[in-house]
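In the form predicted alone, a lone chain appears below as structure tokens.
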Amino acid sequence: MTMETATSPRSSRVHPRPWLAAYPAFFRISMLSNIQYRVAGAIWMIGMILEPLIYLTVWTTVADSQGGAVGGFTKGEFAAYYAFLLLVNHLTFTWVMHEFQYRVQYGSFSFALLRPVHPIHEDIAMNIAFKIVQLAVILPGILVLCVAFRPTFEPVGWSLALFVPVLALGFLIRFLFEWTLAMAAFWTTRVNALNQMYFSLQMFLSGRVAPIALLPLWVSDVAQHLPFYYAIGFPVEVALGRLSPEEAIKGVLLQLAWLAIMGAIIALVWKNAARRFTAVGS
């Protein structure tokens, strides 16, 4: 007599997306880590608050000297721009380019490569957890900026509704773009020079130093075709209602195009990059 063990289809079923099942664990660990080091995170956030505050002070001073407005921005509109910029920059930024070199150089990437999910998913979870915890610093900073500079802002219904999906796309563009560039560490190990060049271009072409409408015309035209603007400046201008519906739709299509390009590059380069991984430190 032979006995056969029946296997339940439910018990043998493999989760179709193991990376999705891993997110709750990644997110829980990241939240606990960020809460533990909340003081260090708060100091980092204070630096992020000071940046737009300095640029806002400069541009409001220039507006005063020009009779109250520069390039179609009044003092109150500058204040509204930089208040939204502070929020958008916080919700889209990532530190992955700073850390990637050390992960490769000192071998900590070995553990990530042993997992059955792509390392990018842990980075996304960590990034979102950090943003949630540090909203406790950013939101008071925005409030202080608004009280000190009194922004003028006329909400536009369709534009505000579009802001949330545009912001989400901006985060994904910035994250995938920086993850793409960070993979250069698998070939060069030290990527500080590349990082510095990237961040210099991003500051200037994303709208962080000034709204791109205030840049020279040819620079503004170039910026409107690059991912820097669509990760940061474009969501800010959508929120403020400074774009027409046609301009906003064109911008969303360009966001989707850049997102597809970044995703394709990561998919093509990642396997070759991971095969090249060698820890060079201890």
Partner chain sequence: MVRAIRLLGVFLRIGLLGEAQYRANFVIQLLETGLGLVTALGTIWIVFSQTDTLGGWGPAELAALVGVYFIVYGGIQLVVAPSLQKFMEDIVSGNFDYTLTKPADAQLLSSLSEVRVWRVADVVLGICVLTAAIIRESMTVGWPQTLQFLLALALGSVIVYSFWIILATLAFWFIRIDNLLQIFWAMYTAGRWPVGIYPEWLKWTLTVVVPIAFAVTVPAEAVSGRVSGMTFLGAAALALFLALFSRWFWRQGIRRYSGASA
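Residue numbers count along the first chain shown, from 1. Note that the structure is predicted; figures quoted are calculated from it, not measured.
Heads up, the form predicted together with the partner chain isn't pictured, but that's what we're talking about next.
Of the stretches 131-139, 167-175, 153-161, 195-203, only 195-203 has residues with a heavy atom within 4.5 Å of the partner chain in the predicted complex. Contact with the partner chain in the predicted complex, judged by any heavy atom within 4.5 Å, is made by just one of V209, L91, V117, M183: V209.
The contact residue chosen from V252, L53, L226, L243 relative to the partner chain in the predicted complex is L53, the criterion being a non-hydrogen atom within 4.5 angstroms.
Among residues of the shown chain, L214 is one whose heavy atoms approach the partner chain to within 4.5 Å in the predicted complex. For F109, no non-hydrogen atom is located within 4.5 Å of the partner chain in the predicted complex, even though that partner is not displayed.
Using a 4.5 Å cutoff between non-hydrogen atoms, A248 does not count as a contact of the partner chain in the predicted complex.
The closest non-hydrogen atom of R190 lies within 4.5 Å of the partner chain in the predicted complex.
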